[in-house]
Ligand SMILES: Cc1cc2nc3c(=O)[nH]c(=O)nc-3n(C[C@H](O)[C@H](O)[C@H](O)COP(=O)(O)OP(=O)(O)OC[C@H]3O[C@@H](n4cnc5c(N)ncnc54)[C@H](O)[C@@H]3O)c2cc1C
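To begin, one chain is listed below as structure tokens, in the form predicted alone.
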């Protein structure tokens, strides 16, 4: 087959027009094209708005077509396909996977498909129960510290925009997308340049993935938290798990630590048990909220609202005079700002959107980089203490009932408290308190945001509009710690494979899932070796 790049259609053209575009590029009659498969679809706004496609085309005589068509947009299509490792005999002591976020779920999936029958421990609840618990909290009910936006089946990504784009290339990525689509994620994730699933579709996908794991021989224990390690000669021999107020011991020789970035008590337990850790830079700031229609107009001009475009997103960054950086993160078109706390008496924000992205507002994190030098201590867990202080301050400023403190951009830049909204209405539940965010943000963070807003407003018209709304605090952009590991993925305690976002080695659903798969591959190699 041949790969054709840069096939362009205007917004009103049907994809069937790609056949004629391909025939002209290849200088052959359309009848000589046997098949055409869209590989990638993107929006190009650089020279007028259009849709740009990459396609795989099968032709009648490929060698002849290549001789005649010498165009750099045409090449031989050589897809990279991920193959699962060879099956292994079921081990007597089953591998244990801790955490059912993307890294843990896909590690468990590979282990299951290859016959290793893993045990998956997840401190939170399955999707169905988790949705009820989260919605109850957002409606003013209690925060459940083991079932919330951070903890439960799917991890923190289960309440997000479900973006699947990544800056890294890995043959596992396509396979991950295919498994998600097979489990109910939209087929568009296989071709969109910036794929997203949406919270509503993610919940369906997670339930179907769970069924496959169970049918394949995996065991999933919801409400079971990792509580301790048993070590001999520097290697793990068993783990303690806590469930229903009881602690039990589970034999284990291979343990995947896919903890996520918010399992603070687990990090503390592992550190006390002798697992080496180091502080890691991350970023903190606020959620900024605009009307989606304003951002559509800024990005797409007169084409805003065209059904071929969908809701506009953005990606912004700037370097500041003080040496820090400020940037957008986890932008959720047509979405809402959500209450994402996992510990009592703290306010944490995140963003999510459904697949349709049809909400009134768009929100995204506006973050400032922070590092160990800002934490006030060189302790490996100092970043966690830094986060907790921010979240406690936001809780207090919001009135002490999980309402979030908010401020209009105009007021934030002027240094005066806000008294109410402008044209941008807040989407955060259970509620907001209008105030001055300088009272809960570290001065260097507030100063950096003040410098960044007008700079980013020059790059995207309306980003710094007076009525845009800032909600505090966004503190869980990534893990504040890293667990060092060797070239085979193990940490200094043998038998432990730290992976995913919580261990400091991935960012986002796709890269975390791939990191979990790599850990599973290493464990399968060991199981295979032990049986030979």
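Bear in mind the structure is a predicted one, so any value in this text is a computation, not a measurement. Positions refer to the first chain, counted from 1.
The same protein also has a form predicted together with the named molecule, omitted here; what follows describes it.
No residue in the set 301, 427 and 470 has a non-hydrogen atom no more than 4.5 Å from the named molecule in the predicted bound form. Note on contacts: among 346, 369, 450, 266, the single residue with a heavy atom within 4.5 Å of the named molecule in the predicted bound form is 266. Just one of 418, 150, 254, 112 comes within 4.5 Å of the named molecule in the predicted bound form, counting any heavy atom, and that one is 150. For residue 391, no non-hydrogen atom is located within 4.5 Å of the named molecule in the predicted bound form, even though that partner is not displayed. Contact between residue 288 and the named molecule in the predicted bound form is not found at the 4.5 Å heavy atom cutoff. In the predicted bound form, the named molecule sits within 4.5 Å of a heavy atom of residue 507. In the predicted bound form, residue 512 approaches the named molecule with a heavy atom inside 4.5 Å. The stretch among 458-466, 304-312, 394-402, 152-160 whose residues place heavy atoms within 4.5 Å of the named molecule in the predicted bound form is 152-160. Using a 4.5 Å cut-off on any heavy atom, the residues of 96-121 that reach the named molecule in the predicted bound form are, in sequence order, 98, 99, 100, 101, 102, 103, 104, 121.
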